[in-house]
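The chain below stands alone and is given in structure tokens; this is the form predicted alone.
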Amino acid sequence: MQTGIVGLPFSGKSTLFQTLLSNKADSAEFKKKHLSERGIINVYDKRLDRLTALFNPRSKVHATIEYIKVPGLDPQNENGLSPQFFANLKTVDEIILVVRGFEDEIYPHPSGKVDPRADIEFALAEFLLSDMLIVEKRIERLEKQLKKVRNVTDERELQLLLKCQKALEEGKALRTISFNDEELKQLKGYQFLSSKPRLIVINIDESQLSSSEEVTEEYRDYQAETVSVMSLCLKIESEIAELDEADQEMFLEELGISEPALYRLVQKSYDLLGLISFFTVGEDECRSWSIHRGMNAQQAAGVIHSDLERGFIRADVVSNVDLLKQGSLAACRSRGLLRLEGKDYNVKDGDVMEIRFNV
């Protein structure tokens, strides 16, 4: 799954990306592609740490998310936003919008004034405009086709796009519009920006650290089912990431913080993507696996390996809470907490699973 990071110049998007990379996965490839930078990031999960401490395996493997820094969101660009900006952003599953909430004389705001709400509105308006242009072009093409040949499929698509056009003209993001399953399937190929989940990050000054929740509350009106808002000081997060584990703990204690806010950001990003984690454990490896919420046991087995899905028989399942409390799988089994589930079992966040299969 891919998450795009965007923001106006000097908003802190590069700082966020580089700080995230301090927790990059071993398999990550840090490279430039079409002016975007990419990195695969570990999803910090205390549950995995506790399971690893319990089983003491040879390796611990985190769930991961790929983050992409996409430059080009600049209101001062006389030629408007580049097609490459939208092309890079269309491929992501989620957008993180970094918004500047701090003053800095060395790096002045490109618009001459720090105004987080204005920056948010500018970005959202550009997303709507991008979607509108795509819709208008496709409607024009469909109308020409239908004048030549009447086609039921084209007519349905036209009606759907006219519905989208009406919403966009009213300034409504497509994620706020109700679509049935068939319509959602048709729209998926368009990759509309206003339909993607969003995390708005207000990058605050160090002096505002103690009032970060109050700052977040100021922008609560942007919050929705697939939109989340949070504030954090990326300058501090960057400094924390540069410290070793022992020094991190001391620094966080001095600040009165239990853990880096960046952990919460990654978890919010993970949640907005509709992802949950299940675990596999043992002496060789303890691992966190990402699946879409609502997946059944057989589908989850396929995330591990296609053979497990194809030859799925049953799954031994226990919650990580019960396993950590009892101290072993054997203890969970003796107390009836480790249970056998079939292929239609709806996997829960935090489940520990062992797949039984035969190929």
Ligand SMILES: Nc1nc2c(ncn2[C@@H]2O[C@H](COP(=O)(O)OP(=O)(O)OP(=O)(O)O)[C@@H](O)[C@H]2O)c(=O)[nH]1
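Just so it is clear, the structure is predicted and the values come from calculations on it, not from any experiment. One rule holds for the numbers: they count along the sequence shown, beginning at 1.
The form predicted in complex with the ligand is left out here; the points below concern that form.
- The ligand in the model of the complex is not approached by S269, whose heavy atoms all lie more than 4.5 angstroms from it.
- The ligand is not shown here, and in the model of the complex it never comes within 4.5 Å of any heavy atom of S22.
- Put simply, S194 is far from the ligand in the model of the complex: not one heavy atom of it is within 4.5 Å.
- Contact check for L8: a non-hydrogen atom falls within 4.5 Å of the ligand in the model of the complex.
- With the partner omitted from this view, the residue of A123, C164, I276, C233 that lies near the ligand in the model of the complex is C233 [heavy atom within 4.5 Å].
- Between the ligand and the residues D284, D104, E170, E136, the one pair within 4.5 Å by heavy atoms in the model of the complex involves D104.
- Of the candidate stretches 256-264, 178-186, 139-147, 203-211, only 203-211 has residues with heavy atoms within 4.5 Å of the ligand in the model of the complex.
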